[in-house]
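Listed next as structure tokens: two forms of one protein chain, kept apart as structure 1 and structure 2.
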Structure 1
């Protein structure tokens, strides 16, 4: 197949992952990176341009990977760029997915382009597993466990507490709850019951450990109601042992095919690097999106709309050997 020419908008952890992932696919060429900042250097030697140069690449880049930051930024950016390019994003603000979809669908259709939103592992591969599980076992329940992995949102929440110099928070699934699901129990299990929150905290000079610990454990929405463990560590220890970005999780579908006959589907990820893996998913879906465009599609899509074969560089005949 043809080489797929991609570009990246925004240059953070996810973008660095896309740069690596593109190099590992034989049929994908990363043409350029676009950043709002001046003077950005890429880790892999890809040319970096400021955003105002983007229009000059119409016709030279097939798909742009939006790797920008906040939900609001991403929505605005997608509307602008989606009018000129096919785009892929990893939009994950649940409450705004429908709004983002509707807006971008109109933009992409008007431009004769395709866009693919909410790509990654959750949302993304986990969402696919929920769909397949529900379709195959309609009488059943979905369970999702996240971790063990760093939650950026929870880490930031701890850092905002007075007396905290730095912090990392791991979300950890509770093995006992996982085992209950695996045994086929269709219990009602809340996220609070099924996850442990493990915090590594560096105290500011003169801060009181007990006060900080209490402030963490009672923080509404983030920690209240969860089993929370707080470890106080030095900045050196935090930097040395907690700088990686591992993550993962589990999606289970537990369903009955007849009374007292239970089937359990389990999907899990164990990731050394959350951004590298998310980027790998984005890149495979860029290929799929180009195939969709080649079939004449326009508008906005999600992973649910993409025939699995479109993700693979293999021919249909080669793929049938995987059967």
Structure 2
């Protein structure tokens, strides 16, 4: 069995999840972690280096897992690091996926590398379910409901706002909208109409609550257009009541195979830990990406481009027999 050597860039919740997920895979070795911070200690004992040491690992790491935030880190990091390494990221700003793809595709092709973007459960596994549903039931509509759970990307975006000391954001599906879809209604329901965004925010000393609330509610690509509720809480309350990171959601395709014959496809996730599950998806796709590279591919890819069998450590024969 070939051992896949991976590295991690960043050491937040997602990166710690990748470290745990890699340890549970028999064919994957975590070589090193790279952080912008000095003195970082790995929970699993993996060596941690500062970012300026990254170039020394060219040839020693097969795939780098980029575990920064979508709002400020991944687009820049991917362009820089993708010129030297095969990379996987979890970029989740849906409105900018095509821009990110186009820039990284050029970088990866020029370097003879492969890169895989927007890996996780949404975008990622949920994206595949939407594709499958649309292909199987062309006469119908897709519906995606996220939550109830903490969004890492949205929480991180709030924390970057001046005046915010800490924050968590819950995405909450509106139950009435979800039930309409489950009944087979092809309703015109937008993501903005079918979700509530609930924010718990700790203000920095001297910050103005009204200014911070306005900045959150008008943030493009994250909160603008959604019903958004902002609760200001103490750090103690945030730590006590909102320290876990659950998430999940539902993808439905409501369609018809002939008039008056309604079919509903539903796929759901219920996650105790959003970052741990997302990390597990990243690790599986790192294996798939290297199989793509082994066939001579270069450039940028998404989950739509990956054969499902590439994700599994099992042989094609085992997959045919067991699954």
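Positions refer to the first chain, counted from 1. Not measured: the values here are computed from a predicted model. The term rigid core refers to the most C-alpha atoms you can superpose between the two forms while keeping them within 1.5 Å.
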Requested in this report: Eyeball the pair and call it: which is the form predicted on its own?
Outcome: 2
Query raised in the report: After the core is matched up, is the C-alpha of residue 105 off by 2 Å or more between the two structures?
Result: no
**Report entry** C-alpha of residue 169 off by 2 Å or more between the two structures on rigid core
**Finding:** yes
Requested in this report: Tell me, please, whether between the two structures the C-alpha of residue 194 is shifted by 2 Å or more, with the rigid core used for superposition.
Outcome: yes
Report summary line: Superposed on rigid core, residue 209 CA travels between the two structures a distance in Å of 13.1
